[in-house]
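Okay, so here's just one chain, in structure tokens, the form predicted alone.
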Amino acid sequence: MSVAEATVAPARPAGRVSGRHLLILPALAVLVVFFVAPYLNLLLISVMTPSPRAAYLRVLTLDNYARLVRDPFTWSVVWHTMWLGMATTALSLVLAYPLAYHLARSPRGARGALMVLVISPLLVGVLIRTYGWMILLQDTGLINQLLRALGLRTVPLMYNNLGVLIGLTHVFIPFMVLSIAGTIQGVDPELELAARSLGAGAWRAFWRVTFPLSLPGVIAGTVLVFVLTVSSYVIPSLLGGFTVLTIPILVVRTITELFNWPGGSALAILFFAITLGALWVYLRLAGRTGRTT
């Protein structure tokens, strides 16, 4: 081989690698245009000065963040939003795991039918499903009408945390089921049978074999449901009314009712940072748990 050939030959694999890298450019462009750019614009607005005569004055300031950090009401709404996210995620996990396990272990023909049933609620808009829950949960709804017919006391199921929790869980539980079921399908059922043959009971074999191997799906599902829950606006607005306040609702009201664009933008950025921090801590703890099991 000549010196020229030796010099040119290594460049061919590099060309193929760069060609593969070009395939991510469309997805990267969508991410930049529809996610990174809006957040950068939101960050820019958040450091502008509020004005009663315009959306904002182009004068840089950090007072918007300082007011939020010093305001106890802001932190109470942040905690309430995070609590709703954690409660919805925990309830979705408890309800979704048995369903996901049954779905993953069903015969191939039944698995397809069950999968259709799981994803079928996603074919209906969130607004329509929320109105359906309003018909069921309101004071004159079907559930309280049934309780009255049975001579029982009615239960306040709407315009409180319970109604919001029910609606959020119903809307986002398919994401948890699909995340866990996909992971359990990759777990060989023979592993459980091997544990049973070595003397482990059904519960112990599941807890020591199947559940640890399904943790990637559990982690993915909990992160997905939590993020969708804390960023939800329609469900808490309709099922919670004016009594359940979350950060998305507070951001919208700050901008549309108080016309404080910088304040609402700062609140959105602050909550975004808090959510990222909480997810980072959760993923670190989940990673350590996965390594010790």
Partner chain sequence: MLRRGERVWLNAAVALVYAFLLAPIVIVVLAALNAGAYLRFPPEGLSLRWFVAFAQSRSFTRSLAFSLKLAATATVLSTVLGTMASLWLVRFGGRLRTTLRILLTAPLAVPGILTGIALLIFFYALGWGKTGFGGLVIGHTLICIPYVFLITSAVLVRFDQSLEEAARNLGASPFATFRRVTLPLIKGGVISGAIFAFVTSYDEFNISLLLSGVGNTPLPIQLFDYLRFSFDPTAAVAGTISIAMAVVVVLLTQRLVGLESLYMGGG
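Quantities reported herein were computed from a predicted structural model and do not represent experimental measurements. Numbering follows the first chain given and starts at 1.
Although it is not shown, the form predicted in complex with the partner chain is what the next lines describe.
Contact check at 4.5 Å (heavy atoms) against the partner chain in the model of the complex: none of 75, 217 and 287 pass. The partner chain in the model of the complex is approached by residue 123, whose closest heavy atom lies within 4.5 angstroms of it.
Proximity of residue 280 to the partner chain in the model of the complex: non-hydrogen atoms within 4.5 Å are absent; the residue sits far from the partner. Among heavy atoms of residue 268, some come within 4.5 Å of the partner chain in the model of the complex. Taking non-hydrogen atoms only, residue 26 approaches the partner chain to within 4.5 angstroms in the model of the complex.
Applying a 4.5 Å heavy atom cutoff to the partner chain in the model of the complex picks out 182, 185, 189, 192, 193, 196 from 182-197, in order along the sequence.
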